[in-house]
Structures are given as C-alpha cells and as structure tokens.
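This document opens with one chain alone, in structure tokens, the form predicted on its own.
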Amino acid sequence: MTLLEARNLARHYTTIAGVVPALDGVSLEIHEGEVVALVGQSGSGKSTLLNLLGGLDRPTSGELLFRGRNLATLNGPELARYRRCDVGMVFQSFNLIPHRPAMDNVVLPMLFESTPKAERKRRAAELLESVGLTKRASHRPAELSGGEQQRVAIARSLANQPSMLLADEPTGNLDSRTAEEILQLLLSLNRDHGKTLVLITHDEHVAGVANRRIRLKDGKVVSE
C-alpha cells in the first residue's frame, strides 16, 4: 500500500543569481513497511526532497500525498502534527537539546501532544531501553558518544509512534563500527515494528540494505 507519493514535485529557490531548481519534477512512491534509499551526489536534491517529505518545507509546485491526503491542503497546526506524529526525523548532526539529559530529549515531542506526564516518562524510559541507553538517561549530549547521541535521536523520533522514519545521513558522523550498529538498529525498527524507513545516504553499504534505491541527479530522479 502506498504511504507517501510525490507527483511532479519541484522546489525552486530565488537567489541573486536567479532561480535555482533544487528539485525539478520528482515523482515517486514509498510503500508501507519498505526501506528506501535516496542516493546521489552532493547537490542532487536529496536533502531538499527529504525536507519536503518530512513537512519541513513546502514545494514550489507538484503534489505530495500522505495516505492519499495532499499535504498542501494542511494548515499550519495540521502540518505541525504531521511532522510530530506521522513522520520521525533522524539527522546526521543529532539535533539534541544540549543542556537537557537524554530522557528530556526523548520526552520533548510528547509535550506538544499533551501526553500525560506519567505516560511520557514511561514511554521515554521504554524507548531509551529499546536503544540500549537505560543507564544513560540522565546524561546530557556532551556526556554521550556520537553513537549514543544518535540512539537518543532515534528514540526521540519514535516518541509519538510515527509510521515512517526519515533519516538524513544517519551514520555520516560515526565511525564504521558504530555506524553499522546504528544501521542495524534502524533496520530492526523496520523488521520488528513495521516502520517505513527512508534513508538519505552517499554510503553504498547503507544504500545496499534498502529494498529500493532512488538515485537523484540535478534535482531529478535518474534511476530507481
């Protein structure tokens, strides 16, 4: 079943030099429960596409449908809820709140959903346990290794039980051993919990675990 569909999606930016087409007519489908790798050189449009899929940006033209609903029809609060609850984002740079412990970082998305305090704590503890960080719950990001920070970020992305995870170079800042551990953790979320997984990567090994590879070049899909 199709979870997310892009139809002739374009994103253009206006600069002093003129209009720059970061994405130019991208059409694709992402199906429930699959692992998709978006690959391509720097500047190919991968991150722009991921930002559109995650509701962090709006397209210049074209349509983006989540379970058949056009995201362009959502108002601000509705789009914010889509970002919080339907998709979970995992970034290369972790994007954790530096002065708050791991537990608080995982709790944060649930605050905006008015989840009861006891449930927030219970679920955050459960998520930290699932990524192997129960004993690090009170540690701030600076006290954690890169791999541990990414595990916290993954736990946070799952806080509101999204159906899809979007990961932008999730192993890019990690050594090879830790990168493999994080990759296997993400794959286990797909295999054991049915999470749809979209990976942006330049790493051929990471791309090789996907059910499908979608290659972008100059803002267009050139192969699938």
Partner chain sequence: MKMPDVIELGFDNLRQARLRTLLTTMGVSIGVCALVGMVSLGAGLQDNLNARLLHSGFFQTMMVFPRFDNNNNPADRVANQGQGPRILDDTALTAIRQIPGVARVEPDVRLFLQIAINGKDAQAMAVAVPKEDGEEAAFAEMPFGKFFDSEDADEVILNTQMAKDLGFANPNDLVGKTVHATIGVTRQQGRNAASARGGRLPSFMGGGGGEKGAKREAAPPAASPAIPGIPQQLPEIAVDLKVMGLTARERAMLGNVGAQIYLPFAMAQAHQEKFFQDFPMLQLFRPPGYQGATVHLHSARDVESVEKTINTLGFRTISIASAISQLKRVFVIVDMLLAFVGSIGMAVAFLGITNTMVMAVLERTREIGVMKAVGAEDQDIRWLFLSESAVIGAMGGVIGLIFAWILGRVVNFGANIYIVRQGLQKENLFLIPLWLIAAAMGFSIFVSICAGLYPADRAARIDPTRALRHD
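Numbering follows the first chain given and starts at 1. Computed from a predicted structure; not experimentally measured.
What comes next is about the form predicted together with the partner chain, which is not displayed.
- In the predicted bound form, the partner chain lies farther than 4.5 Å from every heavy atom of E32.
- Proximity of K135 to the partner chain in the predicted bound form falls outside the 4.5 Å heavy atom cutoff.
- Contact annotation for H139: none of its heavy atoms lies within 4.5 Å of the partner chain in the predicted bound form.
- A residue is said to contact a partner when one of its heavy atoms sits within 4.5 Å of a partner heavy atom; T178 fails this definition for the partner chain in the predicted bound form, lying far away.
- Among L28, L187, L56, L65, the residue placing a heavy atom within 4.5 Å of the partner chain in the predicted bound form is L56.
- Using a 4.5 Å cut-off on any heavy atom, the residues of 83 to 100 that reach the partner chain in the predicted bound form are, in sequence order, R83, R84, F91, S93, N95, I97, H99, R100.
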